[in-house]
Structures are given as structure tokens and as C-alpha cells.
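Read the single chain below, which is given as C-alpha cells and is the form predicted on its own.
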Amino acid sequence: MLNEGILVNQIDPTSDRAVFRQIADQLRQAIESGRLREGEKLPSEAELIEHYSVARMTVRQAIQELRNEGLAVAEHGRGVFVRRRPPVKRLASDRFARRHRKDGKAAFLAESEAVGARSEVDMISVSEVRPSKEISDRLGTGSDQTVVSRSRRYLRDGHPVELATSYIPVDIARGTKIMEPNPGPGGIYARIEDQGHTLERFVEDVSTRLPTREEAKLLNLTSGTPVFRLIRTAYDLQGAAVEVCDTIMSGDAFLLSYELPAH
């Protein structure tokens, strides 16, 4: 039996809005108001059919509407649930602070700890590659020069949220722990500074788009969920680019926050 407190309205037969969209509107309102909480199961097809006196296909269209918006996710054999949205606020002014590296924490670990979340890294791959022109231009290397590539996937509380590939000049990375799956306390930025390249600033370019099929699979994204593409270039005190990181971030898992001086 459907809890009447979740969906309080009925269909308006005089409305120009399609019936399945009216049902989706009411489910969306229930999610946004908190009547349906994160991780909670949505009413079943049978319950919605009885509540609204509509055909099964109409109900399925309404549920698909929420899935396309990234509000709901289907779990095989269990039903459809309100999608969990980790409230992660990425503070650009703090996450690469040197104090985190001195404490032996890479940026993602420091960021996760700030919100009380458990961080993991998997799918780590390290190799020497010839980068794209975009990457070589940012690093200032020749198009025929190889660089060290470090790709990995980040998970927060067991949920994949980010794919990242770092590109580092070989004269900085070769022969160091940057070439190993675990670069040690403080991550690769600590190892870059160990090589005498004190970091001075970072430049980030952010864009949004829909994920590729492979990205959606690796990040476990529902249909219609966008991603951030964030390309960051790290510079040392001499103004040399010492790393470029190409990152794909789940669009519903992050809030990017930037503090800008007014002078």
C-alpha cells in the first residue's frame, strides 16, 4: 500500500502536461522535499498504477524520466531508489594546500576526510606515453616527447566519483616513486616537490558534458547525468609546468567552490 504522505496529489485530466510527466513531477517534488530520502525505495509500479489509475507504460515513462535526470537509479531485482548524492564541496583554495602534503595526505584524501568520508583509489596504471597535443602544449613538451602517465579511479565510501590521469615530464618522474602505483605520503605533488620543484600555483579549466559510454560505466552513472571535465596544470616557482591532470568528475557528486580576491 502506497504511503499517501509521499504523493499527495492526483492527476489533473484537464492539464496539457502529459500524464507521465505529471507523475514524474510529483515524485520529483517528493524527492526534493525530503518525503523520499536518499537511498529510499520509490513506490513500486503496482503501487503507482493503483494510486493514479494509469497504465503500466505510463508509470514506466515517469520513472524513466527521473532516471534520465539522475534522480533515481534502478537496482536489478530490488527496485528503483532515490540516487544518493554525496555532499562534497571541493574547495579549490584549500585542497592543494602544502599543509596537507606535510601531513602525508594527497588532495583527495584530505578532501574526503573533511566531509567524514572514506576514500579509495583503484584501477591505477602507470606508463610512459606520447600525450595529445592539448596535454603537450600545457606541459610545454614537444609533440614527439614521451611523458609519464598516471591514471586512476577515485571512490568515496565505495562509490566511484572521479577518473583522473596525470601527465608528468619524464625528467621529473623517472626513477622516483611517481612511477610506482603508490607514490607514498602526500601523493605525487609531494614527490614532485621532493625533486626540487616547489609548487607555486595551479590553473584549472572546467567544462561540462555528457560522459562517454566508458566513463558512464566506470563511474556508475545513470542516463542523463553529466560530468565535469577539469584540466589542471601545476606550476613550480620558476613558472615551469610540472604536471597536467585531466579529470572526469561525476556531475552529481561535487560542488566546485572558488574564492576569488576582489583586488
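Between two forms, the rigid core is defined as the largest C-alpha subset superposing within 1.5 Å. The structure displayed is predicted, hence computed values, not measured ones. So that there is no doubt, residue numbering starts at 1 and follows the sequence shown.
Just so you know, the form predicted together with the DNA exists too; it's not on screen, but the next bit is about it.
- Looking at L230, you'd find every heavy atom of it more than 4.5 angstroms from the DNA in the predicted bound form.
- Taking the partner from the other structure, the DNA in the predicted bound form has no heavy atom within 4.5 Å of any heavy atom of E69.
- Contact annotation for A240: none of its heavy atoms lies within 4.5 Å of the DNA in the predicted bound form.
- R99 falls outside the set of residues with a heavy atom inside 4.5 Å of the DNA in the predicted bound form.
- Partner proximity in the predicted bound form, defined as non-hydrogen atoms within 4.5 angstroms of the DNA, places exactly one of 219 to 227, 26 to 34, 197 to 205, 42 to 50 at the interface: 42 to 50.
- For the partner-free chain shown, Q61, R67, A74, E75, H76, G77, R78, G79, V80 of 61 to 84 come within 4.5 angstroms of the DNA in the predicted bound form, judged by any non-hydrogen atom.
- With the core superposed, R209 shows a C-alpha displacement below 2 Å between this form and the one not shown.
- With a cut-off of 2 Å and the rigid core superposed, P185 has a Cα displacement that falls short of the cut-off between this form and the one not shown.
- In a rigid-core overlay of the protein, D144 has its C-alpha displaced by under 2 Å between this form and the one not shown.
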